[in-house]
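This document opens with one chain alone, in structure tokens, the form predicted alone.
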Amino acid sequence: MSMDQHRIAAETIRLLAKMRAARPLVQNITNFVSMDIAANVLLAAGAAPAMVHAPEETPEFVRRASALVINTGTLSLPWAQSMDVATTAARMHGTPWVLDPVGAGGTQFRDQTIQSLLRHRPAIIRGNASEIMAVARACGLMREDDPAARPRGVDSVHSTAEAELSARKLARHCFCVVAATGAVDVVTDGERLVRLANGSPLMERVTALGCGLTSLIGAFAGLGEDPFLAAIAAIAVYGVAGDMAAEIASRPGSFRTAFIDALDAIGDTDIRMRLRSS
């Protein structure tokens, strides 16, 4: 399937309209830092957020949700258990789910939790370049002694160009779509690969905007279409909104507000005129 810039823009416009019409319910088991921004991102873009994580109600709620998003940011044993319950239910009911492996490679507990979650077959994995490389290492797809596969903290110390091979390998290994995001975003299903180049440097200076992107990817994944197209469309919308926000805000605090407004305002013309792919 050819995915030139015109085709990407057309698919993004189509899926954004479909998402806004469907208003998918996205269940988020996410970290404490990102709950507010993730919920506001979903609401502004046109989806419906739910921050439901208790294992006592998660299996019942997964059946109602259009998609499930799992974020390993502020991980603990009870949360890991809740994530396992939720992803088990998602696989049982055919609910697509998206994994954000925040801090992958940081600790053995985190890597073991992520490996366990992968058994339940996410539709999409979204992380920064270092996180994607670390997950690939944890899956045995990179050498254990490769220093490039060991990130520091939750910020990426690698470019997405460095992560492309790992992303392809991980997508093939997990039979899913992998998105490595950064200055240039890379989306692959192991065979197809698209690069997107929208967004503002200010996005890195507002906490949990990356987590919010994963939640938005969940909204598009909940439409039941090709996960590869869903990930591309969500990332394209997010990046273009970042460009729009940067035109009216020059500092992180004002940018956060402008970005939420841009997600609400973004339309077909914005996507056609602003989208950049390579």
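A quick note: this is a predicted structure, and the numbers were derived from the prediction, not measured. The first residue of the sequence shown is number 1, and the count goes up from there.
Keep in mind that the form predicted in complex with another copy of the chain is not shown, yet the notes after this line are about it.
- The shortest heavy atom separation between residue 120 and another copy of the chain in the predicted complex exceeds 4.5 Å.
- Interface residue remark: residue 49 is counted as part of the site for another copy of the chain in the predicted complex, having a heavy atom within 4.5 Å.
- The shortest heavy atom separation between residue 184 and another copy of the chain in the predicted complex exceeds 4.5 Å.
- In the predicted complex, another copy of the chain sits beyond 4.5 Å of every heavy atom of residue 190.
- The candidate spot formed by 83, 124 and 275 lies out of contact with another copy of the chain in the predicted complex, as no residue has a heavy atom within 4.5 Å of it.
- Stretch 69-77 is the answer when you ask which of 162-170, 124-132, 176-184, 69-77 has residues with heavy atoms within 4.5 Å of another copy of the chain in the predicted complex.
- Interface residues of 190-207, taken as those with a heavy atom within 4.5 Å of another copy of the chain in the predicted complex (partner not displayed): 204, 205, 206, 207, in sequence order.
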